[in-house]
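Below you will find one chain, with nothing else, as structure tokens; this is the form predicted alone, and questions on how it binds or moves follow later.
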């Protein structure tokens, strides 16, 4: 078993090849054509490292990468850089999210170098939500950059070994660059055009907003294929379980960019009995996952489920998304798992 930042050995089934920009497993899996699964880890409101590890180990054997959010929804939690630093210690493949809302280009470039030095191989460049929607509405937003400008700056750091100022770097960051897309927000043609700009700026993988409307996603993917974007980008579709019709109504009214069709809300509303709506929400998520993975150009799925890591693991387990494949997990680390190679034992422990 190898940590994510350890050297590749001869005969490795997923070697680093020309054209790879990082040493990470996540990039190697996608470039090898594996249907990848990532999931957001809900960062704790805590300074305790074990609070991060307790959530991460629920994903053991289920996901290929773990996103550490950066003040998602303009709410304050443990930093993305801090979560990623902890995850890399034990070999997880974190995706560090960087929001342009809170820091200027000086701070962001420093964060990129620090993350790369700690072994973080994957960056997701985001513009960020406005502060008005979060728990600190009086905070001063920065927005020195947007996602496209940030992609360009990090690409310059990586490929030209220079800061945005032109000053030379002694060691450039070797990172796999990603960004977000929203196929479900009008105007739809604009979303494809913006994705093309992100690809030109340096994006290599994309994680989308929640998908609850598969026909809209199919339209977006047709346009992406027509524009050659499905060949240039690894597109992972965002999915997640809905706990109830009330939760769905709240999300589509309060979470920017989320589109949930009436048919989905009605399906949840018709679920009767204790726990019925939550179970139906998981079934809806599995149904969407199964349909999404058949769409040409889709390279994986990205789970978003705030403080519902157990539900994500259950959905992956009940679906055929992994096709019997078991993603890497730190199963021999005594702090996180029993001394056993059996993922079944590890997963049982995680559910305990």
Partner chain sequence: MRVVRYWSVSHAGAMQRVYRALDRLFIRIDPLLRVVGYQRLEAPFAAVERVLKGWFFDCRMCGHCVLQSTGMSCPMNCPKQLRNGPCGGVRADGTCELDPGMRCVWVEAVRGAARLPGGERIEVIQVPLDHRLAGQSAWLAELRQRAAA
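Note that the structure is a prediction, hence the values are computed from the model and not measured. Residue numbers count along the first chain shown, from 1.
Beyond the structure shown, there is the form predicted together with its partner chain, which is absent from this document and is the topic of what follows.
Student: For the three residues 105, 127 and 187, verify that every one has a non-hydrogen atom within 4.5 Å of its partner chain in the model of the complex; reply yes or no.
Tutor: Yes, the whole trio is in contact, each within 4.5 Å by some heavy atom.
Student: Any idea which of 140-148, 215-223, 113-121, 75-83 reaches within 4.5 Å of its partner chain in the model of the complex, heavy atoms considered?
Tutor: Heavy atoms within 4.5 Å of its partner chain in the model of the complex occur in 140-148.
Student: Report whether the minimum heavy atom distance between residue 194 and its partner chain in the model of the complex is within 4.5 Å.
Tutor: Yes, residue 194 sits close enough to its partner chain in the model of the complex that at least one of its heavy atoms falls within 4.5 Å.
Student: Can residue 182 be called a contact residue for its partner chain in the model of the complex at 4.5 Å between heavy atoms?
Tutor: Residue 182 belongs to the contact set for its partner chain.
Student: Could you confirm whether residue 273 comes within 4.5 Å of its partner chain in the model of the complex, counting heavy atoms only?
Tutor: Although its partner chain is absent here, residue 273 would stay clear of it in the model of the complex, with no heavy atoms inside 4.5 Å.
Student: Is there a non-hydrogen atom of residue 261 within 4.5 angstroms of a non-hydrogen atom of its partner chain in the model of the complex?
Tutor: Heavy-atom contact with its partner chain at 4.5 Å: absent for residue 261.
Student: If the cut-off is 4.5 angstroms on heavy atoms, which of these, 133, 161, 243, 90, is the one near its partner chain in the model of the complex?
Tutor: For this set of options, the contacting one is 133.
Student: Would you kindly say which of 157, 201, 265, 206 lies with a heavy atom within 4.5 Å of its partner chain in the model of the complex?
Tutor: In short, 201.
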